[in-house]
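Encoded as structure tokens, the following chain is the form predicted alone, with no partner shown.
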């Protein structure tokens, strides 16, 4: 197996393969619309053929910039929120050692990658700045406008700290701005200060931006091979083109199943994994589908669990709670390392029956046993299998979900590339903070509190 695989044999009888095939024409039309731009959101389709359009020159520029940061810094803070950091963190966490950040900074091959601008936690920012006091750090600031509250606030604090620590000239070499090509506050600042910059393409939304410099630069700073990541994405891009038959278009099949289950009352999709390194892949996936489909009072609610950990907290609800859920399982066929279970002569824990087995074999049987139990309990299961956790297959998985999300949104009948609802809370927040220009909103909202 040289690619991710999709197993749809355990849908608990709720959707049959025949019913899936009946939707093949609609799914193929939705896939075609991603190429010809005939439906809503056509101005945000730059991600569709993005992997194959990345040139060697593009990659070298990113790699060179990553080398500068790796050479000068033992920590790099990625400032961004939502799609501006989740995709990068998903890949970095999946492909880095779980405990790499605990290594002495002098022994690390690559800088530790830290994150800011994804919350407004004062304690978080204080503790991050305290950690950076005795570290040589740099900043990747990712913002289309440069004025989004969370990243703008974090950047103001960290830029000020860095300038006081190393001086204005050295600071310019340690900050990279990823922003709009020609407009916005961050573009203006970057041009005036002389920061190295990369462009967020106008036709690629944040949640689809992993394979732009938004994701690729932080991933490269972490020492991960972005060429192999892109290669994996290209393989799925080519295998899901508008010419691909529905029978072989795995993202289209997944998209159809999601929508058919939704029509049958399965309102919640739980993305489950049995590999702790995939936690932030699920966080990225939740934004991808939640922000794309949650509009017009429609859309599957995306949730996520880490198994087997969450079987001891959420397992009971999944097994016997309200039958409004379905599961999508991400299974890694082969882990990178081998750990065998030893014998214990006293066998007080009763585990000698596992002597000589790999820990992963126990994990796989927990996975299989759970899937069987959940299907028996009326929870449809979709299984996505990855051969290994490496750059190539992560690239495949990212593009798989991006393509599936675009098709699924069109099948749902909404525009999967806008997010009109996210502005509501910002307006209220600005009014409460008495931001200039929001005086009328401030007066109106104060009457409600």
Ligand code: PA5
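None of these values were measured; they are calculated from a predicted model. Residue numbers count along the first chain shown, from 1.
Although not depicted, the form predicted in complex with the ligand is the subject of the following passage.
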## Note on the structure
In contact with the ligand in the predicted bound form (heavy atoms, 4.5 Å), from 353 to 361, 285 to 293, 129 to 137, 373 to 381, is stretch 285 to 293
### Message
Given that the ligand is not shown alongside this chain, does residue 144 nevertheless sit within 4.5 Å of it in the predicted bound form, heavy atom to heavy atom?
### Response
yes
### Message
So, residue 207 and the ligand: in the predicted bound form, are they within 4.5 Å at any heavy atom pair?
### Response
yes
### Query
According to a 4.5 angstroms non-hydrogen atom cut-off, is residue 315 in contact with the ligand in the predicted bound form?
no
### Task
Decide whether residue 81 counts as a contact residue for the ligand in the predicted bound form under a heavy atom distance cut-off of 4.5 Å.
yes
### Message
Counting any non-hydrogen atom inside 4.5 Å, which residue from 419, 28, 65, 390 sits next to the ligand in the predicted bound form?
### Response
419
### Query
Within 4.5 Å of the ligand in the predicted bound form, heavy atoms considered, which of 241, 331, 148, 171?
148
